[in-house]
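Presented below, as structure tokens, is a lone chain in the form predicted on its own.
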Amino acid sequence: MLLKALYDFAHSRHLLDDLAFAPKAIRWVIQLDVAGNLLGVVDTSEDGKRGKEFSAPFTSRPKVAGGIAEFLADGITALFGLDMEPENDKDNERKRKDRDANNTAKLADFKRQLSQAYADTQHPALAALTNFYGDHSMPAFLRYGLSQQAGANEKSSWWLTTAKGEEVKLKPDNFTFQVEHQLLLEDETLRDWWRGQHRQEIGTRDTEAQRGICLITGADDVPIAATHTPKIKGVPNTQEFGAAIVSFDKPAFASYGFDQSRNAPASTEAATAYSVALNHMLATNKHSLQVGGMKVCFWARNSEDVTDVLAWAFEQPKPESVRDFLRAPRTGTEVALAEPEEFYSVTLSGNVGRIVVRHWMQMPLDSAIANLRQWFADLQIEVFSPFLFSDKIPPLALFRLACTTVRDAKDLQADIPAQLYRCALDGTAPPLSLLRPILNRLTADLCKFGPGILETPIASKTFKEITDSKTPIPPPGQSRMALIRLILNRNNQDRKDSDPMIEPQVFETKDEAYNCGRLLALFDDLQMRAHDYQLEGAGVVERYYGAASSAPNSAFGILWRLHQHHLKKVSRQGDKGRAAAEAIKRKIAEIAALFPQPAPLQPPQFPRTFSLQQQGRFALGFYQQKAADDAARRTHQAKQGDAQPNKTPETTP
């Protein structure tokens, strides 16, 4: 079904109308005069990294065996027979010989196409190219060696001298030619000639192919593709020239005497169509997004507009747009969403030469949108900060949520974002096991940097401590807590047990774990108040959060004694201090009354241990109480005309 849906997509979007050309990044343009003399080499890139994209000839011949060059635009191996890494395999004579033979064959193929094109068209620009090749075996603008100011450990590489006289280190870039201000890629005579050549290639391929039944279209007696081309590019962890989604290269994978991709027969036309469709989607943000080591492609059967909703939802779910999305279900896409429509999604990751299909989904579009709306409703949680989060990746973006499970974003595996993506569109619950890494990271960060990591954006003082310690910047608190709430509530909904459903804001409940978290937040606030919010060093959160969230009875015994000391200290701070102490004492008493009390005037009896789910509710109770107290404090200060002290917003990279 996946390949058939891709096949239909290619036809419905007319992606097969002109397969002779494909978008290609070309960085260097070799300028010649009509006699073939070199005028210079010009850089097309705007950022000094990636060349400008052109519509370039694209051969259908398989390149697996090597020795195949593209017409008019290719790398230095095809244009000059040069090896990008000439020192590779220098100690292995056989491999070195094979590389040299491939380089020679590729150059010969490039020149053969130029000669054939000139013979057929008599185009004067091709005569200039012929003269250029006649005079140059090794172009003067290229050299291999060290830079002009080489360091001690520098390795040799290719260097290119531009028309401006600058020397630039060469990467695996593509070159093309310009003769007397005419870019040959844009010459219609040469483009028409190439279309004819491409038709011949397709005809030859189909004539030589075995015939059979296509499993994608169901058509009988059609040419079956031995290998599926073009290669699919843009999937993480695959080779630069692309990878295959269907391939068989070992006898163990074959059966019934078939070889290569004939074991899963697809017609040459269908194989090309689904590959072109995937390449089209992978090349645009409208149909794909990348999170960590995976790439997700999504599309609707007929409509193009609805994919904007998906792209926005997972990459740029800013708070105001999420609010509008939840309040006005069909805003902006009423007509498209009202029509019966099918939604498709495939999650891909790479394994060098092959592409792994991690998840395939097909469902009515209305269901997908409804599940997506519920996803954001379940992620709603009070934000702990007076400042707006201005970073380009919002807290509820899929990447941010997935990063709550790891210390550093570079450690993120494809499994986590794939699971979250699937749950968002399927409307299912993420596994409870996902709580473990989230809570472990939360505990580690709280114990090291304190409650400032819970703010969104992270508090400026905490942000500086993190950067000074050269620790990866953790995700904002909203990302962590929103995902914890979603995991707990969705799994609780499935089991229908007695655990409470967590509200977006702090709420009253008899749940012991949630109330223990609230109590720790009050103890922390009390300690900060006792030190006039100028506490230096570790506070009760840094010291006791880990123990309090897993073995509360032991930790809260100490915390209970400490809070009485802090209450006395606050009450000695004049009339305001006494009033504040009474208010905090009353709050603590209200929560403490929910726990068993062994005797009057004795501290409450707290649970001995908390399960994984209870630790999650403890974290939410702590966070929501902190957020509520902070909001109340800011409201009180605003009423008194007192500005928020010493805070500036920071961004999380």
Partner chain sequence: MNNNRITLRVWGDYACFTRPEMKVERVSYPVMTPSAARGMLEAVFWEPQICYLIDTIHVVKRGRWFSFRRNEVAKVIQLGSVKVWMEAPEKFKPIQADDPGSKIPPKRESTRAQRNMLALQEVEYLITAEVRPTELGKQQPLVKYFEEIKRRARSGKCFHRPALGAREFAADFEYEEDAVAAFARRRQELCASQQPYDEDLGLMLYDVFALNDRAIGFQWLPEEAALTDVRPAKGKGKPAAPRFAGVQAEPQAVFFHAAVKQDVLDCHPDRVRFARRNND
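Numbering follows the first chain given and starts at 1. All figures in this text were calculated on a predicted structure; none of them were measured in a lab.
The same protein also has a form predicted together with its partner chain, omitted here; what follows describes it.
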Classify Lys569 as contacting or not contacting its partner chain in the model of the complex by the rule of any non-hydrogen atom within 4.5 angstroms, answering yes or no.
no
Tell me, yes or no, whether Thr443 is in contact with its partner chain in the model of the complex, where a contact means a heavy atom of each within 4.5 Å.
no
Would you check, heavy atoms only and a 4.5 Å threshold, whether Phe241 touches its partner chain in the model of the complex?
no
Residue-level question: is Leu562 within 4.5 Å of its partner chain in the model of the complex, judged on heavy atoms?
no
Within 4.5 Å of its partner chain in the model of the complex, do we find a heavy atom from each of Thr217, Asp220 and Gly350?
yes
Ok, Lys155, His181, Lys470, Lys250: which has a heavy atom sitting within 4.5 Å of its partner chain in the model of the complex?
Lys250
Would you kindly say which of Tyr133, Phe258, Tyr118, Tyr144 lies with a heavy atom within 4.5 Å of its partner chain in the model of the complex?
Phe258
Among 87 to 95, 527 to 535, 207 to 215, 554 to 562, the stretch whose residues bring a heavy atom within 4.5 Å of its partner chain in the model of the complex is 207 to 215
Within 1 to 21, the residues that have a heavy atom no more than 4.5 Å from its partner chain in the model of the complex
Met1, Leu2, Leu3
